[in-house]
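Okay, so we've got the same protein chain twice, two forms, each given alone as structure tokens, structure 1 and structure 2.
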Structure 1
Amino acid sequence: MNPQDLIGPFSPLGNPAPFWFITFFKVFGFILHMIPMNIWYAGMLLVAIFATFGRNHSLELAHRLSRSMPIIVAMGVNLGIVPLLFTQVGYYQFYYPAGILMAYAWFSVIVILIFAYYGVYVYSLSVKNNKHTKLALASAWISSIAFIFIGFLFANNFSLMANINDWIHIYNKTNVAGAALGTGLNTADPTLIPRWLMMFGLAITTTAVYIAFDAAFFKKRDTSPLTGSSTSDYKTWAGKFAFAFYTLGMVLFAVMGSWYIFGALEKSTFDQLSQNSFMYIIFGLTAVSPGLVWIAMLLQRKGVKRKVTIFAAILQFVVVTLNAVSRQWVQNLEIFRFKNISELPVNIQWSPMILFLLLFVIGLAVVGWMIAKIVAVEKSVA
């Protein structure tokens, strides 16, 4: 069977928007989604570990993270709708076949996310009410493991979108009388593991910056109710820990990224990247940009400083942006080998586009207002 036979048919209605418009909002939405997603992805595991084994400042960090985690998860999930929507609109010929091949695992994300979300609330409320029960601790671990597993399933789905050659092998193993059972996974893809763990490394770095930001701007009490130590003591510890945590994430990101680009990526894709001078620069910046944030975090080892923390946060946003752009470029190269979807006919649907843009701007404004209110409350109670 030719791999082309499994690619979804083109819609006779045409694309409802230009390809650049679809790709821009797919990437921009993914950037907005990645910031909170990174914090819960690595942050909930940190909460579970420190809630179980932590003492003094580490236990306080677990409590501080858990208090804000319900809002972070809610924002991340809602912002994730934008890139998923534009993936379905512009890349449907590849997104849906991949989803069909791993349908049960893909649909399970909804169920797993519900358990993860409830687990976040159970632990957060237990901290708020100062009731540290075994159920709350178990909930923290369930949430952290669930989020990591969801990340693994997402890495499966979006790597499978571009792994068209393996669709046939997965289909042959998981069909009955020609009907796909939806029980496949992309585990044979050499890019899956490094891609998944590279994202986890990036999540660690973003969480480290958030820890420093939280300590610099939201830690207000003179003494900690958990440790009895001063605010300056916690900020000093948080600066040292954030630096060490960022270092861990940066190393994991670098190792897995090197494995992904130089060891797992198909040679034809790698050659195309190497021959494009613009993308060569973008990938180079993607590789070295965490080092700039690392230097900013290094300056905070003796205590977090607001100006340095703001600079680190801005740089980390650049790191996330470069990663999103690089990943999109690789995905396009891999998909365009089979079909150049940027050349498909376009039948612009002006009314949905205008409505989307209006609601998108209004939505961002509402989110900004909500964040401002949350920050105000956080400052009064932290």
Structure 2
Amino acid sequence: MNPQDLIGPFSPLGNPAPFWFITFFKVFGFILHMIPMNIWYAGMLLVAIFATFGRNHSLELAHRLSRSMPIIVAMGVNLGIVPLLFTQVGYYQFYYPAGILMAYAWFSVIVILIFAYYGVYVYSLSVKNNKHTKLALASAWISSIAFIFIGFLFANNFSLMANINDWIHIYNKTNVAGAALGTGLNTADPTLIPRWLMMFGLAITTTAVYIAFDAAFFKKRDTSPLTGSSTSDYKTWAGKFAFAFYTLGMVLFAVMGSWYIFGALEKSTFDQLSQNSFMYIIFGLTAVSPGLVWIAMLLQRKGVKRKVTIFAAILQFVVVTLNAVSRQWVQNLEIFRFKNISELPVNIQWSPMILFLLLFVIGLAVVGWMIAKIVAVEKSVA
């Protein structure tokens, strides 16, 4: 069987927006999704570890993280809708078959996510009500492991999408009279594990920046009932810990990133990368950009500083953005080798598109208004 034979035809409806628009929103939406997702991905594991073994400040950190986790998960899940939507608009010929070949695993994401999400609430409410039960602790562990496993399943689907050569092998092994059984996974793909763990490294770095940011801006000036120590003690500790945690994430990211680029990526993709000087620069920046944030974190190792934290947060946003852009470029390269999906005729839906963009801006303004209201409340308290 020829891998090409398994790619379905274009939709006769044409694309409702130019291909660049679809890709832009796919990438932009993914960046917005990645930030909260990173925080629960690495953050929930940290909560579980510190809730079990932590004392004083580290336990306080577990509690602080868990209190905001429900909101972070809610936002992150919803922000995931846009990248998934535009993946389906532009990349349907690849996204659907990959999902179907691993249908049970993909379907199970929903079930696992419900457990993971309620686990977050169980632990968070137990902290809020000061009732530290074994069940709450177990919930934190279940959630963290579930999130990491969901990450593995996502890495599977989104790598399988572009790993068209392997579709046949999976299909041949898992079909009943030509219909997919849905029991496949993309485990034969050498990029799978480095991809999965590279994202985990990135998640650690984003979480580290969040920890510093939280200590610098959200930590109220009072003595902690938990540790009996002052706010400034916590801020000092948080700066030190966030720096160490960032370093850990950066090392994991660098190791997995190197494995991915030099050890797992197909040679032809690698060659094309070295021939494209613009993308070569972007890749270089993607690789070194965490170093800049690391310096900003280094400056705070003796205690978080508001201005430096803001700087670190903005830079981390750039790190995440570069990552999303590089990923998209590789994905396009791998897919376009089989089919140039940007060639599909475009049938622009102007008025719905404009209304969406308008609502997007209005929505941002309304969110801004609501946040201004709570900031005012917080300020009047402080």
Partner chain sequence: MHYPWWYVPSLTSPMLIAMIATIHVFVSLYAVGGGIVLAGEVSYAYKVNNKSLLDYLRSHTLFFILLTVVFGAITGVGIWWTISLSSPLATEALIHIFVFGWAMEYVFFVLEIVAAFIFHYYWGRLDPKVHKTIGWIYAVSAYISLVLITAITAFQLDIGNWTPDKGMWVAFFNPQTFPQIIARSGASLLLASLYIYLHAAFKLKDNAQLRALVENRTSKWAMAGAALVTVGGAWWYVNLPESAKAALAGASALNILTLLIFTASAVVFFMLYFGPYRNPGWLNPGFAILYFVIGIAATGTGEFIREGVRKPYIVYNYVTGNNVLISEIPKLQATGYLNGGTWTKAFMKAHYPQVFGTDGNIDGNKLLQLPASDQIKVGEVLFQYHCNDCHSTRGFSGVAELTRGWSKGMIHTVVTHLDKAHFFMPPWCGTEAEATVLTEYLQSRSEPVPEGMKFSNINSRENTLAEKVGRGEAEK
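The term rigid core refers to the maximal set of C-alpha atoms that superpose within 1.5 Å between the two forms. This structure is a prediction, so every number in the text was calculated from the model and none was measured. Counting starts at 1 with the first residue of structure 1 and goes up one by one along its sequence.
Looking at the condition given, the form predicted in complex with the partner chain, one finds it describes the source of structure 2 alone. Once the rigid core is used as the reference frame, the Cα position of Trp369 differs between structure 1 and structure 2 by 2 Å or more.
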